[in-house]
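Take a look at this single chain, the form predicted on its own, given in structure tokens.
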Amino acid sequence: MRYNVIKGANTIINKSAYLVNNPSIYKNKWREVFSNNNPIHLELGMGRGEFIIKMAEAYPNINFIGLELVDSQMVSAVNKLANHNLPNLKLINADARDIDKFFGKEIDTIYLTFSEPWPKRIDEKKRFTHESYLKLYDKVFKKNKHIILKTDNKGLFAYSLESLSKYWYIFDRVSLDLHHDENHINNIMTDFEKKYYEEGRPIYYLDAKFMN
């Protein structure tokens, strides 16, 4: 995925009160970070942060954490948050492959919104719905596993349906065209989703659960 490299991005995001430095020291202690026992929802690859910020605004009784590896992407989120007061939102600038270092069994829901599709077979293990990632998520889900995915990439969506099914997830909902689906949900769009919607692209959606 292409993005503009912002000079001094790391310095900018490190000044944000929303950024959690050294997140590994808070493993099994995120209730203390948020000062409550509310559910914790995690977005992997939050990009510019539009989705996670709007979710935190809409659901004050849920704690949200946005994780993004690329600091030049996270700068946009930090800038958007300059005039916000969202005690239920935190940001982590790190690799998704390290989430088991940051969290114990503390996460209630994981969002995968417009993740890099990695279409080449050689890159299959990089997809956020590859079995290796699903096993990683097992280490951080608190009790019941819950994954919500949105993408404009048909190939990634088909792959994710198959991968999650093989891992014994059950689908509460599947949509092949979210914005024109009769079964409406309260959908909050990402920056990319807004662009794709204007272009008339179908948005694929799934809500998957694994009840322990």
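We number the residues from 1 along the sequence you see. Everything numeric here is computed off the predicted structure, so don't read it as measured data.
Not on display, but discussed next: the form predicted together with a small molecule.
The small molecule is not drawn, but in the predicted bound form it has a heavy atom within 4.5 Å of residue 45. Within 4.5 Å of some heavy atom of the small molecule in the predicted bound form lies at least one heavy atom of residue 67. Among residues of the shown chain, residue 129 is not one whose heavy atoms approach the small molecule to within 4.5 Å in the predicted bound form. Not displayed here, the small molecule is approached by residue 96 to within 4.5 Å at the level of heavy atoms in the predicted bound form. The stretch among 200 to 208, 7 to 15, 20 to 28, 184 to 192 whose residues place heavy atoms within 4.5 Å of the small molecule in the predicted bound form is 184 to 192.
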